[in-house]
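Listed next as structure tokens: two forms of one protein chain, kept apart as structure 1 and structure 2.
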Structure 1
């Protein structure tokens, strides 16, 4: 009961302070950003981190987490109304949401998806409350070899799962790790990988890299497409917004299944909301008595992925807060924000600063309630706002990017770094290289190197130290197995093919 009491107390404190304003504002901004095609959670959080520097860490984190949460809600708006997903997890929402809108049921689709998102979010947050403590207690046993194993496991998972081509995901993760080694080496004092450029001596910061790779590259995509103002066509009024009782009844079990799937997948590094929604949709189709009707506006196929998307967010916060290992590009940027405020997530956070964790959870709970109200009741308002904002998106993102990067370091050379990553990000995304592993690699790089060095010193140069403990050995073997699985599979299939051909 102590746990729920702590969250309840934190909720009351948040409710009667300025934090509630930032909770609602974060959710509002997140919903708008999630609805604008291309602006997912990673871009939105990266854009708004510089604006939180004047806030205390709790307020700042509650604000950013609610942007993250709001994006999960917002992505569905354009999916249902115009068949254009606001972000990657909302792709599945198009499958049933848009056919519903075409049949004149856009309102009920909005209502069902909003309610399912709310329930999924609550399940995810309850899971976070229940499991974060035990995971952090377990993680206290971790030494440098275990942490190194964990980093390898996390990077291989996100590398493999974040792209259709696993090798591209791993390559981006390695590039991120390499970026993390640029600048001063704090152990030896040596200056590394700067190519003689003075602006790189202090290393590559998260904000220029994230804003370049996500926000600036997105601007380049907007410029390339040259299409604007065409994505919201359906008319929506307050009158035709609410689903029927039958809709709610049909979506009851899909929401339960979707929430559980979303939470479990969210915990895995790299899997995130997109994977969760696709799996939830596939499961729903499998268990349905009329799978042939999927794709024609089935409420079940809309409710389940929506709940899994929001439940995955609570799951993703478990490795972030308890182990300091983010599971996606968005949570990697959240981790960067925490580090900027001087907070290092990990098992010690629960020992030294438990209030911080419970305030963040309480902020998310209150935010989820506010988001339900906004996303069911205020959809026509969001649609109108989106129409106003979209034509000015290009200039707005550009100016915010430059100001945000400058505000972080007070150094214009970081804008050049952002520009470079913007160009690399544009070409990389064009060729289906994922950006999440790049950010994750940069954030985890210094910690991975520290763990490696400490482990080598602990083992007096003996590399077998990584296989002495069961946890580090398992994590390393599984992590490396994930990376090399496609190679083994390819070799196995090729060998089998050769054997078949050689048989008379």
Structure 2
């Protein structure tokens, strides 16, 4: 009871002070930044850290944390309305959100995603309050073998992400893994598969690949078909702007599952919201009674990743505050802010400076409420704006993608990479190859390779190191079971069929 009383008291103090202004301002800035391709939470927080130098640590941290939180909300806006993922975790939102917009259900998609984001955020922050100590103790047990098991489990979702043909999904996943090997080798420092192109030395970044594969390929696809009015097909009435009760009912359990997955994955340093959203989407498709409809605008496939994305934020703050280990790129920048203010995160932070922790949590709770009001209340504005700019939307998408990629890295090579994957995505769409496995392979490939090689070096070449710990062994067995299940099932059915034919 003392914990909740501390958070409640901090919330009241924040509500009636200048901190509430910075709470709302941070959420608003984060929403706008999240909607712009290429920015994301890491860049956005870094841009605004200098503005916090004159603020006290509580105000500054609340401001930056709400920019981080707002980015999680904002990424979904362009994902749904224009098939442009604002940041990496919003890539999965494109899978179902954009098809809903194409059916004239942009408003309901925005409402469901906003509500799911709010619930996921509240679950993540509640988990932060209740389980910071025990969960950090669990997360610290994750070494390279455990991370390799987690990556294998996540990669096993590639077949699930493939709507019709698992073979096509695996092929795109392998292409993503291949792209992940380009550039510097993390362990040896060797430069691989650059073919003399200096722009590839740092590897293929996720943002140009995602914007090319999703946004530019969509532009080319629409231009080829010569469609007009491809985005908004219904009248802007109240009924068409907000989700129905059926939408909320269908998204109830997906939000619960996504929030739990997001929180647990977010706790693991380096796993991040992107991994959480892919796993949440794959799980939702696996448990669905109509998996073949995924990719056509399923509410369940939109709600689960959105809740997972925001729940991972609360989880990522646990290793940051309790261990001083950032759980994502955004929290790594927040760690820098803490150092600037002279606050040392770690196991003693909750004992030495508990007021700071509870004020930050209270600021995130109030910011989450403000973001729900902004993101759901402004649905008519977003959809109306899309309808107004629709004649210029394809040009705007192209310009935003090029500007966003270049602004993110200041590297013209990334623009060329984006254009190349725009063509890859275009032909993949024409041949019905799914793009999700490509992105998943690029995200998880380098992490899988690094964890594998670090584990082998730890075990001095002994591969049994992956089965020494219960966590890594369980994750590996489950992941490999999912991968080879179709093969075993096919062999079993074939053997049973042969036995039936051999009987007299």
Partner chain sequence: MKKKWAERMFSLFLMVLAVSAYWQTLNLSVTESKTGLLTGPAFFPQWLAILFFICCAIIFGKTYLQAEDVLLAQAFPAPRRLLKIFVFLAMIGLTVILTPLIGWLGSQFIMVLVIEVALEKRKWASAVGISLTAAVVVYAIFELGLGVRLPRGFLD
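Numbering follows the first chain given and starts at 1. Whichever C-alpha set is largest while still superposing within 1.5 Å between the two forms counts as the rigid core. Note that the structure is predicted; figures quoted are calculated from it, not measured.
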### Task
Tell me which of the two, 1 or 2, is the form predicted alone.
2
### Query
Once everything's superposed on the core, is residue 54 shifted 2 Å or more at the Cα between structures 1 and 2?
no
### Query
By the 2 angstroms cut-off, has the C-alpha of residue 426 moved between structures 1 and 2 once the rigid core is superposed?
yes
### Rigid-core frame, C-alpha of residue 126, shift of 2 angstroms or more between structures 1 and 2
no
### Query
How many Å does the Cα of residue 178 travel between structures 1 and 2 when the structures are matched on their rigid core?
27.0
